[in-house]
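The form predicted alone is given below as one chain in structure tokens.
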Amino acid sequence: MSHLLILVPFCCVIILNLPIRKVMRSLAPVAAIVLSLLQVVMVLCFDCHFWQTQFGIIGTFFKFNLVVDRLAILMLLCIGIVSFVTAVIARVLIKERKERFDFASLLLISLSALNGIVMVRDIFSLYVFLEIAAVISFILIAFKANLLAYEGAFKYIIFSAIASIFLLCGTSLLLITSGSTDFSLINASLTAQAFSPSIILAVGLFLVGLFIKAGVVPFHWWLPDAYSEAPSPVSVYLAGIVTKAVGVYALIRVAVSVFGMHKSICTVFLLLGAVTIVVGAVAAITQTDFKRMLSYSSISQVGYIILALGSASPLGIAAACFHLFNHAIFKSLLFVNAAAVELQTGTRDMDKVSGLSQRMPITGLTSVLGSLSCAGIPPLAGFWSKLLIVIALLSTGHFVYAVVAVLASVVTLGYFLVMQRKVFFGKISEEFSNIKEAGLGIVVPEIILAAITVGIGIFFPVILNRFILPLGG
């Protein structure tokens, strides 16, 4: 059944682009909402065994297998939730009917590609789906068709092209050294050859390509412009799931299933994770643009995931996966909040607004919840995943990195409190005294995402042993 998660969205795009486009233009946004929601429902209702699909070998070297394990289930759920939220707010924020149709079509293709990334188990198929998702992202970033959006898309194209070269070269070398692109066969070959120089080069090239895709420091330069200058629905989608799937998830998957968490790889993860946390947090402090501040915050939170992965313990891997999910939810929420503020006030400059929670109480409240979760304040979801990360680091003897993680959370709390004070607290300016909430199309996604963040935090003791710890293998 797993192949349907790839085929159905793609076939839906083909049907929507049949010659009867006048009818299809009104159906496309609805189709994107329905398919995303259907994916969430099906993932919640069925276990891993329901989704298993096996395909034969394609040619001599390539095996196209779709496998759904606990991590894949988590990611499919995440993809469905963020895609649903994106499709809903796009109906509010994109006014022109043809643009809605185009956006929905691109979203459905991207949904198919992201599902493929999560389920494939060979590096060549992974590369193909990564490229499909990247091409769609270029178009989505430039969707507004203005100069700054083009600049953000151009930077993403350049960095993504470089990443693609690294990934393709790494894939080629791994194929030459192991004779296969299958995850398990490559892993067996790497173990047998004990990381020869050619394998070290191949692994290094592949990891650098994924570091660029994930926006890990020092490969992060494309990310703030891409996130901040893209249309608001695209910002939610990119920050919520695209970067997480094409970069962070792929790193977790290949590090654990293919490269085997070699000690030298873990050392790189620890170092880059800590640097990414610090650089992202410090850069976020200096921003006055709401979306740009959230963009640097996203970089910092990705660092936590990489840092947890570097601990190489089952708890660390589980914590990385858990924080990946939490980050997707609370960062999507915060970008939806930013979209609401920009829609109602016409600005993203935090110095030009104040006291908005008096006129936009739901946006203000959900923004507080998202900010506190991102900063790791109990009992919200972000607190528990950060706590697991710190425990994993301490239990593996990485005390310095644990201290970095804790101190950076204090910095995160600081810049989010500044944001809340500037945007939502204080006296509202006369210019914005007559504004109101952005409407159900934005308020409902805010409530849904905030409820998930609060619910996971409250019920964490229940879900820990059943859902989270098994993610570590």
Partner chain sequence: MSASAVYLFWIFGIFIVMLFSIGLYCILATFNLIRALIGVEILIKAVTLLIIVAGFLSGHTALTQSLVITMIVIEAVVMTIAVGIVLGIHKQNKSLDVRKIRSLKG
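None of the values given here were measured: they were computed from a predicted structure. Numbering follows the first chain given and starts at 1.
The form predicted in complex with the partner chain is left out here; the points below concern that form.
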| property | result |
| --- | --- |
| Contact segment among 164-172, 360-368, 78-86, 329-337, judged by heavy atoms lying within 4.5 Å of the partner chain in the model of the complex | 164-172 |
| Non-hydrogen atom contact Leu270 with the partner chain in the model of the complex at 4.5 angstroms | no |
| Heavy atom of Ile285 within 4.5 Å of the partner chain in the model of the complex | no |
| 4.5 Å heavy atom contact, Trp384 and the partner chain in the model of the complex | no |
| Proximity of Val128 to the partner chain in the model of the complex, heavy atoms at 4.5 Å | yes |
| Sole residue of Met261, Leu185, Ile139, Val275 within 4.5 Å of the partner chain in the model of the complex, by heavy atom | Ile139 |
| Partner-contacting position among Pro233, Gly152, Gly240, Gly376 - heavy atom within 4.5 Å of the partner chain in the model of the complex | Gly152 |
| Contact set, 278-301 vs the partner chain in the model of the complex - heavy atom within 4.5 angstroms | Arg292, Tyr296 |
